[in-house]
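In the structure tokens that follow, a single protein chain appears in two forms: structure 1, then structure 2.
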Structure 1
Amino acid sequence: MPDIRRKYVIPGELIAEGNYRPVANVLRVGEKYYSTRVGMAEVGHEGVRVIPLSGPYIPRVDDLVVGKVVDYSAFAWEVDINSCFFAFLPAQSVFGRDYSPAEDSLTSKFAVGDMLAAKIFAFDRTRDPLLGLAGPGLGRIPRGEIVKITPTKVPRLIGKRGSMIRTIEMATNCRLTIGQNGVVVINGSPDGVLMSLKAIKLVEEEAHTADLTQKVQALLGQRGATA
């Protein structure tokens, strides 16, 4: 297949014809692919997808999210994940099967106001999503600058195979934790954090453009991979 081709599309617009894999926000009719959202269409070897220009975060199983603990009960923490749904982190998933509300204190693990990196492990729209912390890098986030972007712009911030995030991290010497829910945590020096914030803002504002990588590289004064 050819290199990635991008163009701005509206719902119902023909994106491509041929034998492609529909990835996201695409309707396939025979060998024709139509957009179902307003956004930037991408056609490449990975398939056809449309990155929406706006929209709320809708949880999906296995998504990495960054959230804030806002409340807790005897059996779970309630977490704001920047969505129309609040998420819950079951106490048993943290303490283990022997968890006892009478003996174990949830605040000994996480308190109201703590920021967490977690994964969505259950969600079916009939109940609020459930979170899990099993996996590298998951758990309480002790420090970092928090910034929110439109959740639909997250794929552009990550870039193809993580190329955009690598470009920003290498140029700023910062560590970025990017939640699919549009919450980003930046760790690094004050100057590096400031440059990262500028790059993230540029990505959000210019996510619909085809030369985004070049613009970010120009801002950071660095050459990088294509995103």
Structure 2
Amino acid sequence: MPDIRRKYVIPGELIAEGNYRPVANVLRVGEKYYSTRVGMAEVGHEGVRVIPLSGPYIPRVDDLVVGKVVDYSAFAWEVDINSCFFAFLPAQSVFGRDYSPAEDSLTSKFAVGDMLAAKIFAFDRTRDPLLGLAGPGLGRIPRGEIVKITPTKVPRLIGKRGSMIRTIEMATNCRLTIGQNGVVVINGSPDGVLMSLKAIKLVEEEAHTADLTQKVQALLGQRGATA
């Protein structure tokens, strides 16, 4: 077992002194490492990092996101991806290279109000994120209930190698599409959807605690998949 020290921190708290690599959500001043977020600080051989418990979704290339079409121009759809940036889905990536604004109508594919599952295709500090639909399961989401969770808690909802998703899906007979941006789509019977909502709410509330899978299983009243 690698020696990892953990502690709960708030912004400005000193986490460690010495020579480490600042991994994430850490401010280095000389030899001192301070947290920039509320969360769990970890000091180990990999470096110093803070796993935050709150915060906005900042896009990363290759993330799966669930977004809502809010507008379109002649060349792209504008998509609300629950972030501080609206994302763009270029028309060419849907119609192909020979897309012509004069002949193809964007609304024939996606309308304002449609929900999409998409990947972040490109993003950096200087421009808004671009989306792509190349990949299995990507595209318009025809039906389902939408629920938002804190984006920093998405890894907990997915679980180790997808164990938490499987637990919820098997117990409720629903299908979950979880965007890294904290938007989740649930498909299933009305009762299954309501059960899934409860389980997701529990993950949201108890994300920082141990034995989360067992707690969710207890809530759902049956044993799901084990990791």
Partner chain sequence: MTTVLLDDRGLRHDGRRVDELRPVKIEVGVLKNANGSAYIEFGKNKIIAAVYGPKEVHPKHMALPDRAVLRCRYHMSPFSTDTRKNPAPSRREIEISKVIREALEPAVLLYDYPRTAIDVFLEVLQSDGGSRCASIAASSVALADAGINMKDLVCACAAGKIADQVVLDLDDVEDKEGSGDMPLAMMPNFEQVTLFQLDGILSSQQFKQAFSFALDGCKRVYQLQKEALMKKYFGQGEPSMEESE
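Reference numbering: structure 1, starting with residue 1. All values derive from a computational prediction rather than experimental measurement. Throughout, rigid core stands for the largest set of C-alpha atoms superposing within 1.5 Å between the two forms.
Annotation: structure 2 represents the form predicted in complex with its partner chain, while structure 1 represents the other form. Regarding the hinge between rigid parts between the two structures, the matching entry from P52, K119, V69, Y34 is P52. Comparing forms between the two structures, one finds the smaller rigid domain rotated against the larger by 34 degrees.
On rigid-core superposition between the two structures, the C-alpha of V38 is found to move 3.1 angstrom.
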